[in-house]
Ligand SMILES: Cc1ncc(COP(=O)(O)O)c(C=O)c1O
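Okay, so here's just one chain, in structure tokens, the form predicted on its own.
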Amino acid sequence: MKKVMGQNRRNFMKGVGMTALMSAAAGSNGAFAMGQSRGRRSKYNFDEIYSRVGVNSIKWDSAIRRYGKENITVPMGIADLDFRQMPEVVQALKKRADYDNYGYESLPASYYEAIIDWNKDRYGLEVKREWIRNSSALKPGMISSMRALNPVKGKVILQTPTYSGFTGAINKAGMRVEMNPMKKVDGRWHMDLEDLESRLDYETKCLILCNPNNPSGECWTADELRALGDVCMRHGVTVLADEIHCDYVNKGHKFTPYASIGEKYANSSISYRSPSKTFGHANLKVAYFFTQNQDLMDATMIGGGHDAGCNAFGLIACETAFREGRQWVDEVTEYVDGNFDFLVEAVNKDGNMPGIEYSKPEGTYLAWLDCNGLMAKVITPEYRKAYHDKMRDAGRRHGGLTPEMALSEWIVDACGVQLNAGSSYGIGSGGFMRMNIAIPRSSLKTALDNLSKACKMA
């Protein structure tokens, strides 16, 4: 077992170092020279290594608990930010904390105005106050919509590969997952509408659209969205548009809100948004959704039994971020765009990462790495058995283990970098791994250097 699960690990880890983890644990304020935005002065420092160790971070502390502190260099799984929160939000929360009462509160008009202004200013999208409802996160709102709009135990369409959490949400709504696999052409995934139409029947009244797509990063064009909407409308299917990554768009591309492509499309859809991905507010528990179709909203709120309660601090953070966060978002998206360039260069440099292929996406801060070549080389039957036995002996889930899960384990074991196994993202995800690059560039460099050495040694 020891030979199979990383015979040279100790010497390798000494060689590559533990830079990112140790810097984070120490709370280093050092900057890495090749970071920061290009050509203008930055207000915010995204090169800073800001410690997330010891604060119950799922991304960091859960990985450390599972693998051991000495075995994790850079965790790149959970989709949240390793950057310091924008100071305007921190100050607003401190001000609210100084008021010593946390009883029931109504929402001020300014909260809704901030949402409306953000959508109008950034996307030219007109959202009316009466269209908006709140939620603690995206999935609760979507679950309520599915319960209300779909037949009992009906099917919900997912265009795969797509966000793994949708499957759990569909199951929680009491529905069944129906996968509509996309096709990859010249490095970009494309919707297969012919296959989609063949799957739509009387049991299927909801399709979840992920725009930009998590994990592969497509920012769907207006033409692509209209073509999708036309198929859905022919069959009476409501589009549930998850647009949580909408603010992260790489240079040369554009985010198109589904509700912006035409009246009939807006009238047959519900859009779900949150500041959680944009600003790093996941644990503040605030999201919102909107539709101009009052029947769809009534169905979600009444028939679906949606609970619109949110965290008071999250509501303040949301309004503050949308009011004052334009420059922060402009800078962080430019920084992430630069991280993508850095990643693409590292992967595609001749001989640098044998077994991995990658091209730059259009949006999100998630990289969808094609690791089929690496997986074929290192995930042997012997390794898979060793991985299975390791999970079994540790009392962890060991049924249904996939080659991608084994590859995720191998990467941690080989170089201390943690990625998400592609197998949980649906049909078409075989051999892929998801990497979150919303991290300081020095940490990204450490991770890629380590991964490169591991690939070369494989």
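Everything numeric here is computed off the predicted structure, so don't read it as measured data. One-based numbering along the sequence shown.
One more form of this protein should be noted, the form predicted together with this ligand, which is absent from this view; the next part is about it.
Asker: Only one of these stretches, 209 to 217, 342 to 350, 149 to 157, 223 to 231, has heavy atoms within 4.5 Å of this ligand in the model of the complex; which one is it?
Answerer: Careful reading of the contacts points to 209 to 217.
Asker: How about S276: is it within 4.5 Å of this ligand in the model of the complex, going by heavy atoms?
Answerer: Yes, contact at 4.5 Å.
Asker: Hey, in the model of the complex, does F289 get a heavy atom within 4.5 angstroms of this ligand?
Answerer: No, F289 stays farther than 4.5 Å from this ligand in the model of the complex.
Asker: Given that this ligand is not shown alongside this chain, does D82 nevertheless sit within 4.5 Å of it in the model of the complex, heavy atom to heavy atom?
Answerer: No, D82 is distant from the partner.
Asker: Report whether the minimum heavy atom distance between A137 and this ligand in the model of the complex is within 4.5 Å.
Answerer: Within the cut-off, so yes.
Asker: Tell me, which of A173, A266, A114, I244 has a heavy atom within 4.5 angstroms of this ligand in the model of the complex?
Answerer: Checked against the cut-off, the match is I244.
Asker: Of F166, F313, W189, F322, which one comes within 4.5 Å of this ligand in the model of the complex, counting heavy atoms only?
Answerer: By the 4.5 Å heavy-atom cutoff, the listed residue in contact is F166.
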